[in-house]
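The chain that follows stands alone, in the form predicted alone, written as structure tokens.
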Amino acid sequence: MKLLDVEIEENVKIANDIFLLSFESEYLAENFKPGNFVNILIDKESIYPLLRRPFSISFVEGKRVYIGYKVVGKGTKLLSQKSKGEVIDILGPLGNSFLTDTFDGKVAVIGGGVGIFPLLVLCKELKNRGNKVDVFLGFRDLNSMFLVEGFKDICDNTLIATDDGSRGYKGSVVELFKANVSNEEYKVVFCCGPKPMLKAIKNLNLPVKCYASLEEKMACGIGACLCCSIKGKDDKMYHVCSDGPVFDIMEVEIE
């Protein structure tokens, strides 16, 4: 983990309110693992936003690091207005990884909304390890879709769900996964997305391990401020930033 001043290479809109930001950092490119995130201080010259914002690392090409995000408030709105050449302050890599164990055989990866971003590099690493990968991606509609071609280039099967049926299966990505899971023998499942999606996956009571990357409001990013505390089994408390963000989905409460 390091504090880094990085110069923005690109900050482009790729779907409705969805942006992809990139910068060069040899340190991050060499040291991050799938599932890690960074904390960004969006404006060093202003008191607002006061706190850093957490963003998952989506993928890396050489020394260039790519981070995806959605504009949902003032902080991300300010970030979307940053241009090539501007400098941002980054702390990372932070958190744990999806890949703490080795998994043989076929795996399923489920993503919804901006939770899709950290899954691209996960799928790539799983394929590099020899796994067969089916990815299930959920979007609101056709205009909200992003990175689909990247997943198609990597994964064995890429299945799409949209809420309005404008592309692929009409309905939720969990429904799409449920319709296919009975025909497959997955060894493990990985997922990231909004809490209703994760809760629905947990309620499936899958017979295999399922690892979920959780999203919570964060401040410090290193487990000191308790802002991102969640409850686990037997009332044990976890910090999403330092104990996670990746957890066995059956070991934590998802509210």
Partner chain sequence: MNLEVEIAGIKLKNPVIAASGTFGFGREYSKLIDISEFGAICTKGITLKKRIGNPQPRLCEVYAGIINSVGLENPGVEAFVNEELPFLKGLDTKIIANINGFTKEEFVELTKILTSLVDMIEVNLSCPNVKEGGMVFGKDPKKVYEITKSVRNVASCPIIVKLTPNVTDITQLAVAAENAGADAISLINTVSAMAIDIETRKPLIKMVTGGLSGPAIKPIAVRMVYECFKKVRIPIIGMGGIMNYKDAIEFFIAGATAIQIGTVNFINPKAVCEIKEGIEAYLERKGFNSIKELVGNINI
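Keep in mind the model is a prediction, meaning the values are calculated, not measured. Residue numbers count along the first chain shown, from 1.
Unshown form predicted together with the partner chain; subsequent notes refer to it.
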**Q.** Proximity to the partner chain in the model of the complex (heavy atom, within 4.5 Å), stretch among 57-65, 201-209, 186-194, 224-232
**A.** 224-232
Q. In the model of the complex, do Y48, L91 and K217 all put a heavy atom within 4.5 Å of the partner chain?
A. yes
Q: State yes or no: in the model of the complex, is some non-hydrogen atom of I14 no more than 4.5 angstroms from a non-hydrogen atom of the partner chain?
A: no
**Q.** Residue contact check: R53 to the partner chain in the model of the complex, 4.5 Å heavy atom
**A.** yes
(Q) With the partner left out here, check for me: in the model of the complex, does some heavy atom of A29 sit within 4.5 Å of the partner chain? (A) no
Q: Report whether the minimum heavy atom distance between L3 and the partner chain in the model of the complex is within 4.5 Å.
A: yes
(Q) Within 4.5 Å of the partner chain in the model of the complex, counting any non-hydrogen atom, which residues from 17-42 show up? (A) L41
